[in-house]
Ligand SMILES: C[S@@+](CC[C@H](N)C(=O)[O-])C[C@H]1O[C@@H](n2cnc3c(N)ncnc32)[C@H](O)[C@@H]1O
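What follows is one chain in C-alpha cells, specifically the form predicted alone.
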Amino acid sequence: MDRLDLQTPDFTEEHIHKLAELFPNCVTETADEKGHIKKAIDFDLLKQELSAYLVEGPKERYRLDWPGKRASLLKANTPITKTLRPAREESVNFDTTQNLYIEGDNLEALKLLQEAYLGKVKMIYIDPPYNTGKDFVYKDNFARSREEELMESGQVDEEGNRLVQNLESNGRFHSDWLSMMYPRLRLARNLLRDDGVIFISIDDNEVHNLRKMCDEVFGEGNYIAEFIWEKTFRPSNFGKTTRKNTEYVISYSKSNPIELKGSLEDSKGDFSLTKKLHNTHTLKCPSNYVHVNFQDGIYKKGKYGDGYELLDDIYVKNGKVKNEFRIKIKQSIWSQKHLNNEIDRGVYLVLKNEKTMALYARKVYKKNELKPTTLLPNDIVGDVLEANKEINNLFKTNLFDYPKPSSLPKYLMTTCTEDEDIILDFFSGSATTAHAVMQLNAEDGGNRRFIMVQLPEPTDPKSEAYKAGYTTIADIGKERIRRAGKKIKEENKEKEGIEKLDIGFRVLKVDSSNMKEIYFTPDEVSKESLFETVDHIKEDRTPEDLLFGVLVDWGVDLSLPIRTEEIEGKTVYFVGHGDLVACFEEDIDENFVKTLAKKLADEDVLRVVFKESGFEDDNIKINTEQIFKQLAPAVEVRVV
C-alpha cells in the first residue's frame, strides 16, 4: 500500500522531467552534497538546442538581476515537509465556513497550498513591506540540514527571528527585498487561474523594481495597469522635494491579458461647465437627466455659492432631479443647443454639492465600454484616515500602523471577481482584504471566499495592540475578521439572505511535519533506537492534525466541510462529498475494512487513508488493499 510522501512538490524535479521529454540529450547526472547521483540538465547543451546560432559564453541581454536571485529561485523550488494544523478554538464556524486564515511564514504557506489550490485563485491582493529602510523583510534560509528542517517549528530562523529590519545602510538593501519577493510571486502565479489577476500595493521605493520583477514572473505582455491611490487627500508632511500623497497598485494577469470590469463610478469623466468660453448664462435642464450627490428633498431657487443660481425650485428624489429647471451660470462652456445635443449623445448632468449647486457633465458609457481609470476614484476608495477610522470603529483604538482601507481591495474585487471566486492575500496584516470580501458579499449577494496568510509577527510591547492583549499581528487580523463579520451582519440585518453570509474562517497554522524523522529518513535510524520509533507519528498530533496533513498532501480543498461518523465503533472522517475519507484509529480489523469498503463504494468516494500503524497486524494491512479492489475498486487507498 502506497504511503503519502507528505512534502510539497519538488518543482526542480518536475522541470527536469519535462525538459527530459523535450531534450533527452540535455539530461545528465551529477552528485548532490551527500554523494547521491541525481538527474540534472546540461545547460550549455540546452542553450544550443534553443538557439539557431552558435552559443559561446554569456552575452549581455535585457533583464533584472541582483545578488541572490539564483538562490531565491532555489527557495521557490525547494520542497518542504511542513504541514498545516487546525486551530478550532481560534476559528469561527470551523465546520461550515469556506474561508481560511493561515498563520505562518507565507513562503511555506504558498508551498503548502500548491496542490490544493493550483490554478484556482481568481484574485490576489497583497500589501507587502515597502522597503522604506524602516520596515522588515523575511529572513528565508533553506540552507539547513534535513534534521533541522524537520525539527524546526516553522516560526523562527536559527537566530530566533523570522523578520529582520532592512536598513538603507545595508549594502544588499534592494537585493534582500527582491530576494524576499521573487520566490513568493513565482509560487503565487501558480495558484492563479488562467483568467486570474494579481494586485500589489507599493510606493516609490520599489515600484520600479517590482514592475521589472513582475514582467519576468508574469510576462510583460500580461501587465494590466499601474493604479494610483491617493493615500491622503490632505497631504501635510513635506518630503525632501515634494509632498507625497500617492501610492501605487500594480496589476498583472496570469496568462492572457484581460480587461477589468468598470462600473458607473468608473465612468466619471466629469468636467465643469464653468469656463469662460461662451456667454450663455442660463441653461434649461430636463428632468431625470440631472443626478445629485446629496440628500433627497426640495431645494429653493436662489443663489448657491459663487457662480450658480437656481431660477426654479428643484425636487430631488432617489438621487435625481425630478422636475425641469433652469440654472444660471456665470460663465458656461456650453450653449443650450450644445447641451441638448450632448444629452442626446448620452451625457447627463451632476449637481455635486447642495451648497454650491456646481454643475458638471458626465458621459454615460455602455456596459461593455466601462473600464476602471488608473487614478483610483477617491470618492469610492478611501484614504489612510478612513482606514484608521475602520480600525478604531472595530477596536475603539488604533491597533495597526499604516492599514489600507477595506474600500481599496473591495473596489479591486469589483473589477475582476464574481460569485464564489477565491481571493488570496498572503501579506494579510490586519486582514483588510478579508473585511473587504465579506463587505462586498453583503452588498451584492456573492459568495466569494478568502484565504489570508499572516506570520505571527510579535507586536511592540509598547504598542496599543500589545497593551490590548494582541501579542502578534495575526491575533489582530483574526479578531478584526470576527468583529467585522458581526458588524456587517448587524448593519445589513434587514437585507434578504444576509443570514447566509459567510463571516467565518478556519484557522490553520504552519508547523513541522506530523511525522517523526524516521518517516522521511528510515535509513538513518539505528538498531538501538528502532523500537523507540515503531509509531512514526509525533505524540502531540491529533487525528484532525493528521487529517489536514493528508488534505494538504493529497491536494484536497482545505475549506471543504468535514463530518465524522462512527463505524464499527471507530471514528471516520468524511471530507466534502466523497473527496476523502480517513480513519486514524488503532486496531483496525478485517471486519471494519469490509464494512467501510462497502459503504464507500455506495457513496462514490474517491480516496481513503489509514494510519499505517493502526492495523491489527501486517496481514490486515496487506488484505486491506485487496478488499478495496474487490468491494470498492474506484477508491484509491493510502496510508500515513
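These numbers were taken from a predicted model, which means no experiment stands behind them. In this text, residue numbers run from 1 along the sequence as written.
Although not depicted, the form predicted in complex with the named molecule is the subject of the following passage.
Enquirer: In the predicted bound form, which of 246-254, 88-96, 287-295, 102-110 comes within 4.5 Å of the named molecule (heavy atoms)?
Expert: Among the candidates, contact is made by 102-110.
Enquirer: So which of E457, D419, D535, D312 reaches within 4.5 angstroms of the named molecule in the predicted bound form, heavy atom to heavy atom?
Expert: Filtering the options by heavy-atom distance leaves E457.
Enquirer: Considering non-hydrogen atoms and a 4.5 Å limit, which listed residue (P403, G196, G549, P183) is close to the named molecule in the predicted bound form?
Expert: Selected option: P403.
Enquirer: Would F426 show up as a contact with the named molecule in the predicted bound form if we use heavy atoms at 4.5 Å?
Expert: Result yes; F426 sits at the interface with the named molecule in the predicted bound form.
Enquirer: Consider D176 of the chain shown here, and say whether it contacts the named molecule in the predicted bound form, taking contact as heavy atoms within 4.5 Å.
Expert: Heavy-atom contact with the named molecule at 4.5 Å: absent for D176.
Enquirer: May I ask you to state whether G485 is within 4.5 Å of the named molecule in the predicted bound form, using heavy atom distances?
Expert: Looking in the predicted bound form, residue contacts with the named molecule do not include G485, since no heavy atom lies within 4.5 Å.
Enquirer: Answer yes if any heavy atom of P372 is within 4.5 Å of a heavy atom of the named molecule in the predicted bound form; otherwise answer no.
Expert: Answer no; every heavy atom of P372 is more than 4.5 Å from the named molecule in the predicted bound form.
Enquirer: Going by the named molecule in the predicted bound form, which residues of 469-490 come within 4.5 Å of it through any heavy atom?
Expert: Read in sequence order, the lone residue that approaches the named molecule (within 4.5 Å, in the predicted bound form) is I473.
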